[in-house]
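Subsequent text provides structure tokens for two forms of one protein chain, presented individually as structure 1 and structure 2.
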Structure 1
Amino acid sequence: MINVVADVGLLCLLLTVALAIVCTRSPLSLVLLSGIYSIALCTLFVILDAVDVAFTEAAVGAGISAILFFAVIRPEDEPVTAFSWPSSRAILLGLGVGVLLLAGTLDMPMYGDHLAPAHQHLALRFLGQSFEEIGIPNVVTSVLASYRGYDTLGEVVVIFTAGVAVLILQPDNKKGPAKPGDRDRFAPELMGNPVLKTVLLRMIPLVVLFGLYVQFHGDYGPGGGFQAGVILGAGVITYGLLSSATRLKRIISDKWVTLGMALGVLVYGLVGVAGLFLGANFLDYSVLGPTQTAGQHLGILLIELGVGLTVSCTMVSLYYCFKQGES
């Protein structure tokens, strides 16, 4: 009952924020609104039992996306009028499409229906047998890393591709490396503020610790390589914001970041190739250990490390690249 109330309430919130976004023109307000939207969506995902997804949405929607958007928007983009209705042509088209789609939803199974076809076929085996076959309690991790491990390899490659893309797109810095005294336009208020520095610098080890916890606890609870990578990356970026990107680059240079990005994909891929050499199919972890579950455990541990490495390095690389574009 309480779930349903929360579900409906959050749906209303989502609709309100989405409508506000349709009518808003100011980029700053848009980014803030989309952050609120993400948090609402993430809470809704918890209500709908998708804790891993909610975790990711929180890290991505409210975290990375917002940071990236803030790196791109500028005060001079703010329009004179902050609010405008969409054109009537778009509204009409949207309404038309919406009514058509509404008719298409009528055969769908109801909310929470136990007999819905989606719960019958594949899901039965994942829920019923994954513990014997893989031996970890978080079924989402089992499916993600083993049954559909190849999709996850694809996912890591997508992140890597985005990292490569942003590297290619970063403007060539012809002025040479930035001087140590350069102000960080990314977050000017963070630098040289004793309060922030005192609190946040002490937070960084905790953030890193939390990241490692999420990395290695993903088998038993929500979390895993992706979320851990985002958290670790956030910890490193916080340091960059507090001192300066130049300082951070002296500790972790661009080259190492790029290397880590590529290495993560290679780790994942080579775990798969190891299966080939041991006489099994690509990404079959069962042959990696003495027993099937031991092999699956080892394989999942390794590939999650690869995911974490690629994601965290890509985060830092994104920060460097967007930083570069500001000079």
Structure 2
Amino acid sequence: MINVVADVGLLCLLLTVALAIVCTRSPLSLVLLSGIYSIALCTLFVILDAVDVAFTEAAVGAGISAILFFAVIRPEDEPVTAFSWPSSRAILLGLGVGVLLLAGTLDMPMYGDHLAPAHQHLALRFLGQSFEEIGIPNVVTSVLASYRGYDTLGEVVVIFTAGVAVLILQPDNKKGPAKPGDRDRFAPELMGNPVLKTVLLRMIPLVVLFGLYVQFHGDYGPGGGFQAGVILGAGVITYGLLSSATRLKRIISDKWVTLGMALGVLVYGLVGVAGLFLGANFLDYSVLGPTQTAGQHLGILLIELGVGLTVSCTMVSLYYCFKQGES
């Protein structure tokens, strides 16, 4: 009964926040409401025992996405006009798509149905044999990094491709030094409070430490390269927001960030190629160690490092692209 009340309460909260997002015209309020929506959604995922998904939603939705939006908000973006409802055509189109999505869910099995196809084959294999075959307590990491290694490699390539696309589409910044007013234009004083700035600066090392914990503890609990990458990226970008992108580039240059984006994908691919040279299949980590489980541990550790490197460097690269011209 408590779970039902919590589910209904969270769904009502999600609906209320979604309506507020549609009605708001303030960019800053929009970012804050989106973060609240992500936190409520990850809480719902935790109730549904999808802790790894909740971790990803919190790190991406309420973490790195909000920080990147804060980085590009400009003072002149504040609204000066009142809210106006969208056209009737747009409302009807949105309702039509929503009805189609709801109709599509009717063919899906009920939540927790033990007769669902996934519970008849895949779940039994993963839950019953993954620890024996992979040797990792966290079944989610076993599935994503080993059983579905090809799929995870594709996700990393997609992130890398998105970062490259942003680099290609960014405007040319070789027109001379930045003007004195560029910093005010591209970096509004969101962090102007000295108390807030001091607290956040003290928290950045803790954020980085937690990101490393998530990176190397993903075999035993919720976490992994994707979550660690966005946490580390958020910590680095926060320092840039509190100081300046130029000062951050003196510590981590954009060339090293771009190299890290490609290096993470390369590490992932080379781990798969190593299996081929040792007589196994691509991304078969079993031959990388003296025993099957030792090889799986080593292979998953290496590809998770590649994932974390690509994700974190891509996030920082996006921040650099957004903050071009800042003095």
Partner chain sequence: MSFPGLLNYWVALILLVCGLIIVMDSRNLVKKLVGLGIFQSAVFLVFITLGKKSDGSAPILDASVSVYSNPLPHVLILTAIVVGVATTAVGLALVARIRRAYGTIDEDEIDDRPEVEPEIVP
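Note that the coordinates shown come from a computational prediction; the quantities given were computed from them, not determined experimentally. One-based numbering along structure 1's sequence throughout. Rigid core here is just the name for the largest C-alpha set that superposes within 1.5 Å across the two forms.
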* **Form predicted in complex with its partner chain - structure 1 or 2** => 1
* Asked: Cα of Ala66 displaced 2 Å or more between structures 1 and 2, core superposed?
  -> yes
* Take the rigid core as the frame of reference and indicate whether the C-alpha of Ile91 shifts by 2 Å or more between structures 1 and 2. => yes
* Relative to the superposed rigid core, does the CA atom of Glu132 travel 2 Å or more between structures 1 and 2? -> no
* Having superposed the rigid core, state how many Å the Cα of Ala20 shifts between structures 1 and 2. => 4.7
* Give me the C-alpha shift of Ala116 between structures 1 and 2, core superposed, in Å. => 2.5
